[in-house]
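Given next are two forms of a protein chain, the same chain in both, each as structure tokens and marked structure 1 or structure 2.
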Structure 1
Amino acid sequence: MSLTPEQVLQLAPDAASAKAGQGLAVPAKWPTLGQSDSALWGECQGSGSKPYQVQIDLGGGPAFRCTCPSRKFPCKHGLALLLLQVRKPDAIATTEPPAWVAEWLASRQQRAARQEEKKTQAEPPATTADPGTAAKREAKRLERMAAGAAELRRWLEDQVRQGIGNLADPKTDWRALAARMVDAQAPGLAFRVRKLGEIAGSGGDWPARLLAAMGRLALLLDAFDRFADLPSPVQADVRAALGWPLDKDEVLAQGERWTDLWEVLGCQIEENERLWERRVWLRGRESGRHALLLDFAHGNPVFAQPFLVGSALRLTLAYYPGTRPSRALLVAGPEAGGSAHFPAQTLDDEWTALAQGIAANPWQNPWPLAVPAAVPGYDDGGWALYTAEGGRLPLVLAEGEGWRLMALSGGMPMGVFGEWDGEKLLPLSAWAPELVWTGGQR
């Protein structure tokens, strides 16, 4: 595995850990150090009498383990050890792993083998559940969702009839309406109601954007009314938009499986009321397909499998069903596959693929977008990308990161990958031609 210091720092759970890890990334802080083809280890003297034992599995991960009491993951010691190896590989002797490292590696391999066997042998679910009970439960949920959808439709019709000017009033209780959609077991509708609240009164063109969002919401309610008559892929899209996705076991058992050398083009981590959401965007080098790995963690942003932007991994994925499937689950892997490359498609190709995707599934958001040659800049409208075709794409970018991105560009075109929400691009990585910048980590 060949990493850069920037890629290592992507793994830091917060800025404080990244700073502390850089301070410990010097040989003098480590009484013992060692590495092999698949692992890295060392002992770091902390505040206790015994040094902390730090281990890193480099096979497809990296994966960390440290005996320090920190609840952050990876901790500053793990980050420091990996940073030290990246910056000064000759400072770490290559040798056989000691017993405490070998035992941990062996246990990881055994656990991975068991998990892979379980996934590859996944059987259709509900073998023991009573089908009648499951049908009653689903019918009850559909009834609640229908009641919530009917209330939301009446609300939309009232707003259109009365005019949407009042929706910019701060007294508009969006949270209460969203909460009722949660009670109706339709969290996807609640999410869209909260988004309407974010648009109302925001920016000079908010009425047009709000009407467009209300139109997509009305289209979703129409689709739900005709749910039983829709083709299966469209039903799957509607279920996902309503926040009623298939169970993971069903996806593993029935979803389309695809093995490829997947290039990690972007990663976005966001927090909402202590619930952390991670979106990892992949692109198959051999197939050109996109895939989105969506993970959640409560309390702390700790995820079982790390993904480094700029790396390539051999993976087998199982896609959720849909008209243009993108969300997927990891089935097998990862095996390290070197470095990622920026997609070779033209911007016209990207826009065409995006338009086809929105036409097939208007409720998916955001969409991946790779802009192959653009110069970042700042104007009266804020940060933007100026494309080689003469276009301007507004960016969602903090001021400090904007200046950094512009400095890395040096006024020359660069490739930028990010999430397109229909109005703005959230940049997640920049390439010139190799990876030079990552963002969007919260």
Structure 2
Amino acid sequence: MSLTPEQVLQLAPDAASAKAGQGLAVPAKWPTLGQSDSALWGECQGSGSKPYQVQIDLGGGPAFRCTCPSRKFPCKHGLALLLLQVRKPDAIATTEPPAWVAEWLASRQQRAARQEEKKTQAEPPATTADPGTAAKREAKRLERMAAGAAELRRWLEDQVRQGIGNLADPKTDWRALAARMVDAQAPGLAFRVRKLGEIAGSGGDWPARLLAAMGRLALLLDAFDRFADLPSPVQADVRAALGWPLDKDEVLAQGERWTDLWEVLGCQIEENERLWERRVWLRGRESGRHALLLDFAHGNPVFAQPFLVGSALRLTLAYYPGTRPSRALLVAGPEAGGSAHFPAQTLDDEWTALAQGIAANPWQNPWPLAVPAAVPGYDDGGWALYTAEGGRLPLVLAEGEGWRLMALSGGMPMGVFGEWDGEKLLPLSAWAPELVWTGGQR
């Protein structure tokens, strides 16, 4: 896979690393440099007496290793080395890897082989747990969640009875209520309670937006009340919305498998109390299906498998169960598959698909949305996309990125992919017609 400098910078854990990496990407800072078919290495003079040894395994997605003490990953040295190679591939001599590189590559191959072995041995999954105790544990959790749900319902109805105007009071203790939902083992409810707190009192039409969110939450509680009677795909949707998803092993074992050439349309990384969440949005070129890969990392945004927006990869995914499955896990791959294309659907088709998606699972949020042929701009209402049909779609954009998007479009329509939360679009990539902009990295 050949990368562009922008794609390399997408790999940076934060803006500071990206900047530092660019600064180091000059041959003057690298006393030794070398590459082979599958690896890239170099020594970079840091502030210490010994230069840092930096190496990158180019097989699959790039994997980095550096002897510097930085906790960031990849560190600025790794990024700089890759940038150097991407900019001037011929300027780096092709030689045999030195011992320190060869050893690392060999150890990586061994580890991969061991894992492969483990996988084949592990199948079929060993069911060590006693089904009886598992069922008991599940019943216990359902009981706790039901108690939490009942409390939340009482609270919601009390608010509507006494007037939701009071909720704008900054003294409203959303955190305590959210914490009780966590205690009730329903983190999905806790998340929704915190969201209510964000809406209350902010923006001119907050009562209507707050009531909508409360109504949707009440709908989820209604569904949970009837949990046992629901068809199993709906049960799965409700479980996911409550924050009680299936174990990964179960998804890998039971989930619907789908192999396709997946186009990486967007990647969003967010931090919340040192927990990093990465959402990678894929669309299958052959099937047109959507998939969301959700990963978490603690402390630093380090994710095992990099996904570069604008690339297309052949992957096998296993979908989490649901009425209209979206979230998925990576089962096999990636094999490089070239560059992604912007989906060819019309905006009308997109809205129809969105309506069907919401009808099937009203609790999923955000939704992927590909807006073809829209012009980005700025007006009194903030950043917006002006669609070919004459509509105005509000955007969530940082100031600088808004101007960049505008500079790239020059008033001409472009394809914009992003996350739609029901009110605003958070753009993650823009295409004209090839990928010209990626956003959403914090």
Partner chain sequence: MSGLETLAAQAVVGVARQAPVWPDTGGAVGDTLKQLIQQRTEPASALLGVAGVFAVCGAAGYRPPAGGNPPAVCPPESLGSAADPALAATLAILLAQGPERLQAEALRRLAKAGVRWPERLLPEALDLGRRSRALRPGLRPVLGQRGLWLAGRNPEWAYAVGSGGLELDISAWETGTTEQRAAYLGRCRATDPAQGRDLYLQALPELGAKERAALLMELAIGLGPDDEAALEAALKDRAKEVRIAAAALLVRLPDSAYARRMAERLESCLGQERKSLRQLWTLEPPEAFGPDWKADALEETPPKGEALGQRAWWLYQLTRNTPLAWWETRLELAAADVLEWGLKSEWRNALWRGWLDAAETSAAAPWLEAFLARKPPKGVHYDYRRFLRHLPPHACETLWLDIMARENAGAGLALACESLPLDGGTVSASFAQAALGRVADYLGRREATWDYRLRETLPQFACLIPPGLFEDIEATRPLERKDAHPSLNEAVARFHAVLEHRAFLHQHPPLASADP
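Sequence positions of structure 1, starting at 1, serve as the residue numbers. None of the values given here were measured: they were computed from a predicted structure. Only the largest set of C-alpha atoms that superpose within 1.5 Å between the two forms is called the rigid core.
Novice: Please state whether structure 1 or structure 2 is the form predicted alone.
Specialist: The form predicted alone is shown as structure 1.
Novice: Taking the rigid core as reference, does Pro69 move its C-alpha 2 Å or further between the two structures?
Specialist: Yes.
Novice: Using a rigid core superposition, assess whether Pro98 undergoes a CA shift of 2 Å or more between the two structures.
Specialist: Yes, shifts by 2 Å or more.
Novice: Taking the rigid core as the frame, does Arg108 move its C-alpha by 2 Å or more between the two structures?
Specialist: Result for Arg108: yes, a 2 Å-plus shift.
Novice: Rigid core superposed, Val54 Cα shift between the two structures in Å?
Specialist: In the core superposition between the two structures, the C-alpha of Val54 moves 2.8 Å.
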